[in-house]
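This document starts with one chain, in the form predicted alone, laid out as structure tokens.
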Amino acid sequence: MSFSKKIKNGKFIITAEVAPPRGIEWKTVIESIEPLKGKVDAFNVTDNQRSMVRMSSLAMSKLLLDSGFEPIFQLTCRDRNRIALQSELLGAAALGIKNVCLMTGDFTTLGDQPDAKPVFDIDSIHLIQTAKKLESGVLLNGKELKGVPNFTVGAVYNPFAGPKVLQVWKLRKKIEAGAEFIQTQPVYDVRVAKDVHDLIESLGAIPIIGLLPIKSLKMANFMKKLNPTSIPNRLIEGLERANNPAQYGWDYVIDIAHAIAEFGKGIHFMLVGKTAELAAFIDYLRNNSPYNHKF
């Protein structure tokens, strides 16, 4: 069953993230996710994540599609104006890429070319409205299209960004604009995951909760610096005690994944290796877990 059909039929969703290469050697990226073929429902292809140059998200999405993987084409407003954004969406549809995740994007000052000029002609809410406008058969300026695209539109939500009132307002606007699924930043607390799930579902979209295994204490402290409330103290303390921090971080995330599988609608894995372990866990969820009826 395709990703879009699973979204519409209320099936449990598992997505994962894949970054295009810094260069043109894309085959190694495909090989790295081969263990997940047929297990992960769709792969988000990042768009110059953290404002660092990578191969085009659209090109990598097409390469995934041709290799038997279902892509979610991520598109940000940072590097393109509304003309280019409409062009990219139409190009994706023409190439057979139906799943899109639309976002504003990180500021260029956060990347490794901080002098690059950001665009931000429109924001993520307006970009979602743009995709829906194209689906109605016209461009933003009202000119009629020759051939109409059909997207499964998603967006993102960061439960740790502030102020919370503004973030929830933006989330509501994204869903009202047409976002059918929402993928979140990584969470490390079951209570937070449940609260975020309930919020997104109450606003009318499918929640797909983000999980990112922590590989080291250094990684945890870096993420805590970015989002001070995102990393609970017990995770830091556990990493400090662990003989194998990477294994501890993996087991910690899998415990949360079990809880989400019980109450939730979907999980988004931001991978740092461990594709074979993730493939085995998905097999367990689908075949032997108490939640297998949800798949």
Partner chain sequence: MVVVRLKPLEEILETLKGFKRVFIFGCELGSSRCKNGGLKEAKNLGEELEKFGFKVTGIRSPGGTCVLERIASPERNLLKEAEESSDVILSLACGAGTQLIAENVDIPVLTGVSTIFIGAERKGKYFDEYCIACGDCIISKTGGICPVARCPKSLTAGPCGGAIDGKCEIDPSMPCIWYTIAQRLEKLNQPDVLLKLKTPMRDYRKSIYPRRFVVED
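Numbering follows the first chain given and starts at 1. As the structure is a prediction and not an experimental result, all values here were calculated from the model.
Missing here is the form predicted together with the partner chain; even so, the following discussion is about that form.
In summary, among the residues Val192, Leu212, Ile206, Ile125, the only one with a non-hydrogen atom within 4.5 Å of the partner chain in the model of the complex is Ile125. For the options Ser32, Ser56, Asn227, Gln247, the residue carrying a heavy atom within 4.5 angstroms of the partner chain in the model of the complex is Asn227. In the model of the complex, the partner chain sits beyond 4.5 Å of every heavy atom of Pro71. Under a 4.5 angstroms non-hydrogen atom cutoff, the partner chain in the model of the complex has Phe160 among its neighbouring residues. The closest non-hydrogen atom of Lys170 lies within 4.5 Å of the partner chain in the model of the complex. Put simply, Leu145 is far from the partner chain in the model of the complex: not one heavy atom of it is within 4.5 Å. Relative to the partner chain in the model of the complex, residues Thr109, Phe120 and Thr130 are all within 4.5 Å by at least one heavy atom. Listed stretches are 90-98, 170-178, 212-220, 192-200; the contact stretch with the partner chain in the model of the complex is 170-178, by a heavy atom cutoff of 4.5 Å.
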